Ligand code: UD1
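Just the one chain here, the form predicted on its own, laid out as structure tokens.
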């Protein structure tokens, strides 16, 4: 494995270890509700798998929980259960199947055996469509609940237009009395000036929740079992209920439509870009730059928009990315990537030049001081230090040594219709323009291939290989000239 790739993997493992070792909350479980169909998304995809930047919205919530919990995480899924399960296969996560989607309260009931079995004192419940919820939000709610010695708590928002969000009703002393769903809210009964709404983020003392959870009923417009009813049930039982008002905090709004998803995606995008700028990255035309949440960029690197950088990409300090580039799951050292280059699952060394209009497909490794130029495509190949492929070439399943020069229009013919084969180009090899290298084939050290050749056999060290038909000039035989002469006559 290339040493650059080794460094990338090592640094990522260090980051993951730090993430898991810094934060613990061993007395709390977290339950994510992700069973809804999301009809208003107008898509067969489960709502929680719709992407913001390059990650599904559910990923953001689980990453937040990873930062604050070393204990139990439970996910309730229903619609698209197998898809959700497959997307979470790499996580330590307990899945609960909600076969009938009868509301958030019903989902909590379905998950109750897993919650009870955990034996944990506290429970956080989060809707799976709130990807921007932060660790600070969750920790503040949980700490507030503990400090107040409350049985139940939730986060509220203040909105000038409550829209479809559940309204929060309070008692005269300010204690939460009930949450009324928008379709059940009657201004004549509940009051006209209710601008405090429910965010859908709750915390419970587990033993207190057990007392009231199965008292839920479906006596509402939707005929569903709502978690929100637990507020009034707790108040009726004389339990202590508290609420933390986050003010006008759009990050905590749920996603129910494509428009809402795009607005939240823009908030994530802007926050990520600003975070990198604060850490010393030069991001020009920043409103047109999209950077995934898992990307690492060293201080002093430069990115000019429009640009898209996703996955587990790492850009080293001193790296320069020109406009209109797409980069995913790649490591780029102190290199210059020119405009309109597409790089995926590749490793690029220091002092290299890539593009413009270059395409590096999975498995491409370009070592230090190499150059990959205009309209060059590389796949599953290694380009040695100081080597150059400057124009209009395809390099597939190939190893290229140091200081080689591959001329314009060179094609490595790696596929015979059934299998892929390797091409080897040794140190100091010169390949003339418009050459086809039919794999498997090896051009040994310091050999040369004449332009326009089709090479099917190995070329020995220091040799010159020319494989093309002898040129013939047939005097007076130009058919076009003869045709023009006849037309004149």
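The structure presented is a predicted model; accordingly, all values stated were derived computationally and were not measured. Numbering follows the first chain given and starts at 1.
The form predicted together with this ligand exists for this protein as well; it is not shown, and the discussion that follows is about that form.
This ligand in the model of the complex comes within 4.5 Å of no heavy atom belonging to residue 204. For the chain shown alone, residue 227 is a contact residue for this ligand in the model of the complex, at least one non-hydrogen atom being within 4.5 angstroms. Residue contact check for residue 129: one or more of its heavy atoms lie within 4.5 Å of this ligand in the model of the complex. Taking non-hydrogen atoms only, residue 181 approaches this ligand to within 4.5 angstroms in the model of the complex.
Of the residues 349, 176, 407, 254, just one reaches this ligand in the model of the complex with a heavy atom at 4.5 Å or closer; this is 254. Checking 414, 393, 264, 104 against this ligand in the model of the complex, a heavy atom within 4.5 Å turns up for just one residue: 104.
Comparing 360-368, 192-200, 210-218, 113-121 against this ligand in the model of the complex, the single stretch with non-hydrogen atoms within 4.5 angstroms of it is 192-200.
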